[in-house]
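Here's a solo chain for you in structure tokens, the form predicted on its own.
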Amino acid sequence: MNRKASIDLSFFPGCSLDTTATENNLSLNSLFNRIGYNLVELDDWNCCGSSSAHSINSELASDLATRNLSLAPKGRPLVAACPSCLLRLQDAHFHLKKNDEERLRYEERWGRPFDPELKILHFFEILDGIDLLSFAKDRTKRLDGLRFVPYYGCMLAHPPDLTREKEYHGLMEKILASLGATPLSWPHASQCCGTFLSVARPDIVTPLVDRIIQGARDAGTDCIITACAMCHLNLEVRCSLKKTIPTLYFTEVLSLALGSDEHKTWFSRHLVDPKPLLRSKGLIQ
């Protein structure tokens, strides 16, 4: 079932989805179009400062995040897919709401009034509560036979200031199980993959990634499913094990389950080819 996109949501893709994780961006847009949402990318957005800026220059990091907030149209939720981007944007908005001096600086610097009511959401929140099966072409449980382990990574964990923000762990299992897939238990769902240390300290990241991949293999899974672009990159690039395992984006699997035929562009970008697995499950030809 395909419904015309009718609800506009502001969208901040961030650097990863615009470059190394293009397949995440494409499959996310495909999925949201199918379920009736139009992701409107912020015009002239910039890096949110999630890599090194926030640990080197806090003022610059704040400016990077708040400039993006200033670009968001009033009255429309702002959606992010990258957990790190989400954290930087939510943190900046939280501190602007609490600090009169920072709000004044924001308005002088960007020439726009601060919107304290701006909703900054992870795309999980849009999917939560939607019956995705009703949007599938044949309304069958398209993912039957696919065993997976969910990998959230560590960036969806909230710092103390944001403890009241929505908790998303368990959502991938719930949604994918509703479409016929089988979630498996394992102890690494929130383990850090090393994130941006991947470039500067691969000697630290590789053992972390190897532990995660081996844990997935020990669980007897077919694949790892993640919603974090940085996690996906590290799991593919930094694994040194002879036997690895496919890592798929949550949005890719959901789009397939709903009948999307746009996957050729996505899977050709994966370093660990998921196509043999997906063919064996009847998900692609």
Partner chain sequence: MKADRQFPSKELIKSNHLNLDFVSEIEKISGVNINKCYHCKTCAGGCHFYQTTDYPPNSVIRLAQLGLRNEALECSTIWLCVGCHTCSIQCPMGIDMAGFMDGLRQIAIREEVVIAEPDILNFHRDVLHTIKRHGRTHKLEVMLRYKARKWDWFSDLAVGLKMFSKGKLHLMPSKIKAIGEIRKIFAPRPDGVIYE
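It should be emphasised that the depicted structure is a prediction, and the values quoted were computed from it without experimental measurement. Positions refer to the first chain, counted from 1.
Not on display, but discussed next: the form predicted in complex with the partner chain.
If we define contact as a non-hydrogen atom of the residue within 4.5 angstroms of the partner, is P116 a contact of the partner chain in the predicted bound form?
Output for P116 is no: heavy atoms all beyond 4.5 Å of the partner chain.
Can any non-hydrogen atom of N33 be found within 4.5 angstroms of the partner chain in the predicted bound form?
N33: no contact with the partner chain in the predicted bound form.
May I ask you to state whether E167 is within 4.5 Å of the partner chain in the predicted bound form, using heavy atom distances?
E167: yes, in contact with the partner chain in the predicted bound form.
W45 near the partner chain in the predicted bound form, any heavy atom under 4.5 Å?
Yes, W45 lies within 4.5 Å of the partner chain in the predicted bound form.
Given the stretches 172-180, 142-150, 199-207, 128-136, which is the single one in contact with the partner chain in the predicted bound form, using a heavy atom cutoff of 4.5 Å?
Looking at the partner contacts, the answer comes out as 199-207.
Partner-contacting position among L233, L69, C223, L26 - heavy atom within 4.5 Å of the partner chain in the predicted bound form:
Of the candidates L233, L69, C223, L26, L233 is the one lying within 4.5 Å of the partner chain in the predicted bound form.
Given that the partner chain is left out here, which of V40, A219, L241, L60 has a heavy atom within 4.5 Å of it in the predicted bound form?
If I apply the 4.5 Å criterion carefully, the residue I get is L60.
Using a 4.5 Å cut-off on heavy atoms, what residues in 251-285 are near the partner chain in the predicted bound form?
S268, R269, H270, L271, in sequence order.
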